[in-house]
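Below sits a lone chain in structure tokens, taken as the form predicted on its own.
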């Protein structure tokens, strides 16, 4: 029986390689040959592995990775403690594979209100292991060999390899910066799509477009007009929209996050991706979700049930409880969704001032945890290397963490290979940090400025 052979199967087959049929296939040469996978070649390279290691080794202040270093809200921790202390021991066991019933029910209520839709919690909402798994399931479910997927640059770096792993072809369209009015700092709103260029990317092979608003790494919140442009093209060409909205509550300066699924013709062709980690400042919980019509989610459920199958019950129970709280407080000053962006906007403004005072040129983000800074004034610290294949911002970020102890991420990490040098004089900082962390970063920047200006 092969099942009983277990780990010794290979040894057994090699011992019998002189038998007919075995020697031709199970030879030492063929069994030692590296396995090739055309869809996976080149997607194993991940900048985060390198930069996380550099930050752990050299940094005194890590503003690179996108996670808060402050605690999540007390009511979230209390919800988890309550779930753990209950006598309902079934919260420690499997729950419904596509989402814990209390959680999908409140998500259906919440998003139904936001979208003006009557959502069925059992068919129009699915809970995933973080937004990351929801994205992966989308690409695997919908993208076939030869399909094209439009990705707006700069983009969250997993989109490209996920499309490739599904057998699709990424097609890139850049947000292009336009100089602001004299005397003003550049804003993420100054990075815009060219309407004619975007329209030229749609054709009969286009299966989907990936929209990330608010956008990581830029912090751009797409306007009503920009979303209508994308929506009109999706409807015209019968294209799916994968809408990554994990930063939906982190919008500043009175900006409004508009959900593309709420626009005419878009509900039936949009999958919304959400995240409890970003929503409640608890990225390690890995509770995400997909929201959309059953005609789309039924395919995502197939991918989910044949991969992870199930998400942590106790975490889903706690997230359900806090969403119940927020549903009751929605639109009121006490809502966490109202309080958190106010706190983060203060942190954003503080880091903007700090970077500007040090001589970097910050781009003011309309949303997210992140802001970009132009490092052109610092080129004397890290000169160009002629004929180098590595983008300048990547070399700069490595030099900065090693020599100044300050970790950030190069913007080139959020572009495809062919475009990495197009905007290679920006680095990304995360400002979702404790006041002490931001102060320590400011101390490094001010000392650096003094060193640059000293005779």
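Just so it is clear, the structure is predicted and the values come from calculations on it, not from any experiment. Positions refer to the first chain, counted from 1.
This protein has a second form, the form predicted together with a small molecule, left out of what is shown; the following refers to that one.
Per the 4.5 Å heavy atom criterion, the small molecule in the predicted bound form is contacted by stretch 272 to 280, the sole one of 142 to 150, 272 to 280, 350 to 358, 290 to 298. In summary, among the residues 111, 222, 247, 98, the only one with a non-hydrogen atom within 4.5 Å of the small molecule in the predicted bound form is 247. Taking a 4.5 Å heavy atom cutoff to the small molecule in the predicted bound form, the contact residue among 259, 286, 201, 310 is 286. The shortest heavy atom separation between residue 65 and the small molecule in the predicted bound form is within 4.5 Å. Heavy atoms of residue 370 reach within 4.5 Å of the small molecule in the predicted bound form, making it an interface residue.
The small molecule in the predicted bound form is approached by residue 132, whose closest heavy atom lies within 4.5 angstroms of it.
Contact annotation for residue 172: none of its heavy atoms lies within 4.5 Å of the small molecule in the predicted bound form.
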